[in-house]
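Okay, so we've got the same protein chain twice, two forms, each given alone as structure tokens, structure 1 and structure 2.
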Structure 1
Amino acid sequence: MARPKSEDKRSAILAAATRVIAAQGLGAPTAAIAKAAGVSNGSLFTYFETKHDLFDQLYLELKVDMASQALADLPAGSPPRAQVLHLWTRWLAWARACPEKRRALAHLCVSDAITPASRQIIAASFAQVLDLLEGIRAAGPMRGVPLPFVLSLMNALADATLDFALQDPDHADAHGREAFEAFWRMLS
């Protein structure tokens, strides 16, 4: 095969898309993304069939990245509270470390480009979180509410926390801990 498709270039496009979408939203021109990636207008389309396709794959990559960072080094043997705190802390750390990824993700979430297939893969990436929450929920006051609902409440709290943390970086850690305690009170 001649010049194989370069994984580097694919990554460059995804990274550029993250930056550009974070800054300009989903309306960002593909040309702007290509330029930011140091790639020609047309090359973008040899790596991604469509703008929608690019968005879908970017969503997948960012979500998986987020999940893997949040779940890394999860102390499986520790008590649930410690595990959730670990998760919570890592999550916030990830978002603070790469705010553009989070911003891009926020835009992509409401895009209609996301494929059911991607959603499934992502759900799988978060299976561990579900397992963890399941044990806690079943033993606490939320034992009557569906697990996905609990997950989405957690998500909502974390997101709101992030918004605050990013605006007020000096107290980010404090806010993070307070929100975690609040969440824990809610859950157990």
Structure 2
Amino acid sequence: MARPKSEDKRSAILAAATRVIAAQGLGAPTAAIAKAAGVSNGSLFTYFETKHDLFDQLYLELKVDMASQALADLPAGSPPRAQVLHLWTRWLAWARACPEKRRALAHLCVSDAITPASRQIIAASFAQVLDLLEGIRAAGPMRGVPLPFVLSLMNALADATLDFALQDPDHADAHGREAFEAFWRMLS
């Protein structure tokens, strides 16, 4: 008879995978992840059928964590600029507070292990944000540019901002405000 799965062990494996992937990339062996989680390699595969399954589940967990932080207390009735500023500020705060999660997520976002179904789940969880950005983009100077390209520019600007914020924490908030102003001018 199989032992019941422990949510604590599953969480420990996902936390360890975050740390190990952030440090070693997607080539990190599952044995290293299991060791960091304090479980056997066999136990890891009790919770995740394959390494790809582990990566896919971690991607979902990290994206949902990031989205919940960014969307928390979103001032939905506020003007679009205030809403986007809120999202931007919360997103940067999450990434600054969780640099390992940010690094692991950067690796996972380009991984072939992430299923189309998982990418669709995340897109659906960000539908409110995508609708907001699409409405602003459609009326601004980027109206002739596809939204995915605008999102790529936004991600690149956020990554550059975060790199500077982590290197210069005393001016992190100023870097975030300046980057937002640049993004807003581009978008609206």
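Given the structure is predicted, the values throughout are model-derived calculations rather than measurements. Take the two forms, find the largest set of C-alpha atoms that superpose within 1.5 Å, and that set is the rigid core. Reference numbering: structure 1, starting with residue 1.
In this comparison, the chain shown as structure 2 is the form predicted on its own.
When two forms of a protein are overlaid on their rigid core, residues whose CA moves 2 Å or more are considered shifted, and K51 is not one of them between the two structures. The Cα position of A67 differs by less than 2 Å between the two structures after fitting on the rigid core. In the core-aligned comparison between the two structures, the Cα atom of A139 sits 3.1 Å away from its counterpart.
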